[in-house]
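What follows is a single chain, given as structure tokens, in the form predicted alone.
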């Protein structure tokens, strides 16, 4: 049985950033169910592929720039906000970098591939703790692989099996949503990010993102409601704003977490660490998670490099600012999600810009 110092379950922005930060000091295993060593993959992250300002800042702090083969068009400089609750529309200046999410993940992985071992097209099955070490069972091409590790890291997203099996349900848990995304031809020349607020659909929001010759329509519906029913209803209601969301070419779905305070964040327990969305780190206002994923992966990596035996305490200290960031975004929450306050902000035109004289 092979032994590793650190085993990372999930090779998205969180897991790949952790592996890159750790470098070659430790024996690291990076596991992902996707065939990231081949392309293309049918297991694509349900993500619109926008690199928001927070994620751009994270890349800047790492001294990284996105290669051109990861980018898709158009690059967007505004967001149109459609408020069904108040029957109002406003446009705001924002800069998003538009990427192919699968290519983005492959690029981040390429930055760490020489410093760690990888098992791709591999699923995590279960784990047992024996003599202070974790023994993992992984499944690749129908065959079981047994490995042991000192530290196990859950970078496996909103439905983290590592968290469920090794930490369990916390007193505070992020609110859960079902996110559905569909791809359509861009028949109406959409060239900006569109955010849709409609309390009939969800207490969160829906979105439209142009990508190359198509558009992505997605919605986040509270768990427990019929996600497909309300997703379809939102598409129908968007017809009055001129959006043609018929005959999708592709469809995906996943769970989405939404922390409503920093108390919903869990960084781990004992020799188990959680990073990215597995820890609950997602923007409560926009659902942006890439910046938190990369920054938490880096924070954990620096903690392990400083003191592998007492890494969790150091990780929590390193990542404390991320919890504060969640709380700061909650102060913005009423402006975006309170119907009365949003109506006042829209009516006053605070921060809004005119597009084509409107």
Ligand SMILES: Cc1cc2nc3c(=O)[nH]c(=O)nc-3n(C[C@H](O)[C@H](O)[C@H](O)COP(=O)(O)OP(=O)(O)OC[C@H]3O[C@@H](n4cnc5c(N)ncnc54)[C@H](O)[C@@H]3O)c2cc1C
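Positions refer to the first chain, counted from 1. Please read these numbers as outputs of a predicted model, since none were measured by experiment.
Not pictured, yet referred to below: the form predicted together with the named molecule.
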Legend entry - Contact residue in the predicted bound form, from 50, 319, 58, 303 (heavy atom within 4.5 Å of the named molecule): 50
Legend entry - Position in contact with the named molecule when the complex is considered in the predicted bound form, options 258, 106, 235, 161, heavy atoms within 4.5 Å: 161
Legend entry - Contact test in the predicted bound form: residue 243 vs the named molecule, heavy atoms, 4.5 Å: no
Inset, instruction - Classify residue 11 as contacting or not contacting the named molecule in the predicted bound form by the rule of any non-hydrogen atom within 4.5 angstroms, answering yes or no. - result: yes
Legend entry - is_contact(residue 155, the named molecule) in the predicted bound form, heavy atom dist at most 4.5 Å: yes
Inset, instruction - State yes or no: in the predicted bound form, is some non-hydrogen atom of residue 230 no more than 4.5 angstroms from a non-hydrogen atom of the named molecule? - result: no
Legend entry - Segment assignment from 127-135, 86-94, 142-150, 175-183: heavy atom within 4.5 Å of the named molecule in the predicted bound form: 175-183
Legend entry - Any residue of 196-213 that, in the predicted bound form, places a heavy atom within 4.5 Å of the named molecule: 207
